[in-house]
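Presented below, as structure tokens, is a lone chain in the form predicted alone.
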């Protein structure tokens, strides 16, 4: 039968070109079962007139649909829905009935109840977003990333794009990590000692699952990256909070009987303190004498722009006691979800097997795109551009904070992308954050960074990675007025 031209309409405000929207409109009609195999499509002239577009636009859309086997061209007879299109099942979905499962009781809320940082989904609409970890579109190299992605989609890289690596990784990305990323941190490693992960979060989770068992003792910095506690809690290990000072975690404060230590040595999260070399050596000496393992989160290593970087803990490790986790999420963009683990071969073997059971490997196309972006020099150019921009923003933040009388609890001396702030006693920064949203300002309350038994509610974090420099002064002034 012929499909009436009135069956077609283009929704207002839909994304994509006219040609893409026409293809989507036709394919959705076929996949939903409204248009059936053998049905005759409206003529290109008739559909163009009905939709108010040019005939060539409809003709090109029809041609693409023929190449995708949604439509069949029959000479002068016109276009027909292909005989090979998917057929909708004859049965109907079961109507939704009353929910009778108490999922809170079934799951125990073990994961959803873990404290975590939260920000509004529409954070970009706020004029003063002092939030951490988001990419700044004005700094990102869109053009070269797009070119690398297209190159990775080419025929030459077809195997990389489509193959199941099982438990392996893209050799091109591994080679670049070995030759360029790790040496900057003083680390020398073999391919069998490196694993590509879905960002640093996934790397740290893998480390926790491999290293920890119920009843073991784990030392975490206090305050610390909130996800550390959630990852460790999943293993059943006992958490020991160790207060940090201006130089990060003090090795002499580690409790007796600790089995694993998680820490951020390059820039402590959230205070940005950089652990001095003498303290790093003291920590490794204690690990050797007491037999514990160290998991080093390479937090914001690339953002050391005030002083020369310090060697990583892994680079100083002579006994294989350090597991090193890093990520491209902050230096390229968070949505990339690519990171790495470096450790002794025996550890990486276990982490690789666990990753294989959960997600096989990160997507091949993303690995190869990142490999091209890194190997062609675009990554280093991006990092340098970010460092220069962050240095200027940091100076603007420092000036505005001083001018408005706010108190800095920790800003670090090597760089980073945020300030750790302290409000007067009695100020609840979660309530403060809600009030500030009404003035277009976003801050990150600090309570979730602290261990539950040592909770502090008057701390907050101000990041400058996503805010325009011209808005920093007014944003800080609004925070100061709200604190009073």
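Positions refer to the first chain, counted from 1. These numbers were taken from a predicted model, which means no experiment stands behind them. Here the rigid core means the biggest group of C-alpha atoms that line up within 1.5 Å when the two forms are laid on top of each other.
The following text describes the form predicted in complex with another copy of the chain, which does not appear among the structures shown.
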Counting only non-hydrogen atoms, the one stretch of 409 to 417, 71 to 79, 363 to 371, 242 to 250 within 4.5 angstroms of another copy of the chain in the predicted bound form is 363 to 371
Is it true that 27, 116 and 335 each have at least one non-hydrogen atom within 4.5 Å of another copy of the chain in the predicted bound form?
yes
With a cut-off of 4.5 Å between heavy atoms, is residue 377 one of the residues that contacts another copy of the chain in the predicted bound form? yes
(message) Is residue 193 near another copy of the chain? Define near as a heavy atom within 4.5 Å, in the predicted bound form.
(response) yes
Query raised in the report: Taking the shortest heavy atom distance, is residue 16 within 4.5 Å of another copy of the chain in the predicted bound form?
Result: yes
Spell out, yes or no, whether the shortest heavy atom distance between residue 350 and another copy of the chain in the predicted bound form is within 4.5 Å. yes
Students should find that, of 293, 220, 177, 275, the residue having a non-hydrogen atom no more than 4.5 angstroms from another copy of the chain in the predicted bound form is 293
The listed residue (285, 307, 142, 392) that reaches within 4.5 Å of another copy of the chain in the predicted bound form by any heavy atom is 142
Near another copy of the chain in the predicted bound form, with a heavy atom at 4.5 Å or closer, the residues from 109 to 140 are 109, 110, 111, 112, 114, 116, 119, 121, 124, 134, 135, 137, 140
Practice problem: Inspect the rigid-core superposition and answer whether the C-alpha of residue 21 shifts by 2 angstroms or more between the shown form and the other one. | Solution: yes
